[in-house]
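Two forms, one chain: they're shown below as structure tokens, one block per form, named structure 1 and structure 2.
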Structure 1
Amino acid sequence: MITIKNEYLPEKMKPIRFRMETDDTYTIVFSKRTMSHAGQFYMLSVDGVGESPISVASGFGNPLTFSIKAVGSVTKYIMDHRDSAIGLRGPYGNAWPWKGADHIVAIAGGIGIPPIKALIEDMESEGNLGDLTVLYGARSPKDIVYKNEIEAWKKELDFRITVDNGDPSWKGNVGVVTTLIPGVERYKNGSAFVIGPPIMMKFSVQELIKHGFSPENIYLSLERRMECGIGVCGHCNIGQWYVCESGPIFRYSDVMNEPEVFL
């Protein structure tokens, strides 16, 4: 007998932990272990509400974790109904290609930081944190996600953070995340991973190229374009690709001529 797996049928489970990161961003952790690699995503659903693609925030083999900004009906429902069962299907997509690179410069803006958390955990599991530099930009100190983890990461890897607008309590860098890029020019022969709002990604790529990084060694996550997760609905189309099928990670040189890449 041939058994056909229904790709649309989610596995339902309740989070075992819930933590607010900011006023509108939260982290949920499941007992299920992550069978995904950094950069991949799951489809999270709530019966009668809908479904959303969410990037994984935990490294391979760790408890499955997502950090989510409540901006739509599904993500707001999960935040407001913390004991509800959530549908999970995945993992989908490709992963950050960090193995074999001389050095990785990972640049995250806003809620782009969860897939970089997964990257940190994947590289840590193989003893490669010395080959990673993270540049993280948030709008303000109160918008910083993973405040507790960041203090630990600063002791383990080259982790740099800035905020667009500081407050009296903030003693760190102030300015957009691209202002940190000149400080990593010595890694120009390595690879750069970029994830965040489109405008932040656009100017990060321009700054990376200005400081000697090759378009062939710059990778973008186009996760914001994901829709059904398996390339059936066609809403993730960009040029010749379906982001759900071929992405969400793309080499910049492959998509640099697509007019929608930073839209």
Structure 2
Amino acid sequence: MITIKNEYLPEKMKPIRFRMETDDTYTIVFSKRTMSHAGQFYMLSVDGVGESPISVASGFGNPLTFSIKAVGSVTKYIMDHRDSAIGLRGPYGNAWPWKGADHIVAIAGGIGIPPIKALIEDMESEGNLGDLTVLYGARSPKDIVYKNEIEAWKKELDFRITVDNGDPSWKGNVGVVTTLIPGVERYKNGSAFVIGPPIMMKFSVQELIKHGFSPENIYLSLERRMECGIGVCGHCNIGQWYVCESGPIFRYSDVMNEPEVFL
């Protein structure tokens, strides 16, 4: 009899901390520490409800953290039942290729910010924060995730933020995140990392190319429906690749001719 590991079987754990970030987005922290890297994801699940892919917001030896926007059955259930055990399996997928790049411009839209938080921590752990510029766009001031962390990050790295729609108390930039791109310094061998809603990624890529980035130096974290996370269920393909297996991060030049890159 061959015994075989059941990759679908999650490890169950209760979060040790829960924090609301905005009206519909929350952060959960587990005591578990893993060597997962920025860009990778876990499958989070609730028995009887379902499973969802969620990016690592803090890994790399830190207590495992996720930040989640409540949009459907699993993501709402976790928000409404803060005390329930959550199933975890992973980490899956590849990581942001920040090592070896001269300078990185990371662009996050909306709930794309958690893997950029992980990136900041990953790079910080090797003393590389001077090489990072972050552009973050939120819909409005009240949709900004990680308000506390952002204050600290602004002191350690070039962190710029904008909102689509301001409010009377907002003193910062107003406009979509792509409007920040022309303002970043150009580095010869700089890379850009982009994550966010499909339309935001599409326009960010156009703007980056206008600003002198080559498709080889732009990386996208792509989102697809995922059900297994391990290259079996067949749901997450973009062209010949399964996003869970070959991604979620892709070099733009590798996928730019796929008609289904952006939704």
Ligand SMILES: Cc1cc2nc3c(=O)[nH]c(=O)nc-3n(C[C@H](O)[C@H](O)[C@H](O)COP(=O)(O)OP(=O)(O)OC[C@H]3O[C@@H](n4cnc5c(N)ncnc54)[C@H](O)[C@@H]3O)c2cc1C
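Here, a residue number simply tells you its place in the sequence of structure 1, counted from 1. Source: prediction; values computed, not measured. In this text, the rigid core denotes the largest set of C-alpha atoms whose superposition between the two forms falls within 1.5 Å.
- Where the criterion is the form predicted in complex with the named molecule, structure 2 meets it and its counterpart does not.
- For residue 43, the Cα coordinates differ by under 2 angstroms between structure 1 and structure 2 after the core has been superposed.
- After superposing the rigid core, the Cα of residue 223 is displaced by 2 Å or more between structure 1 and structure 2.
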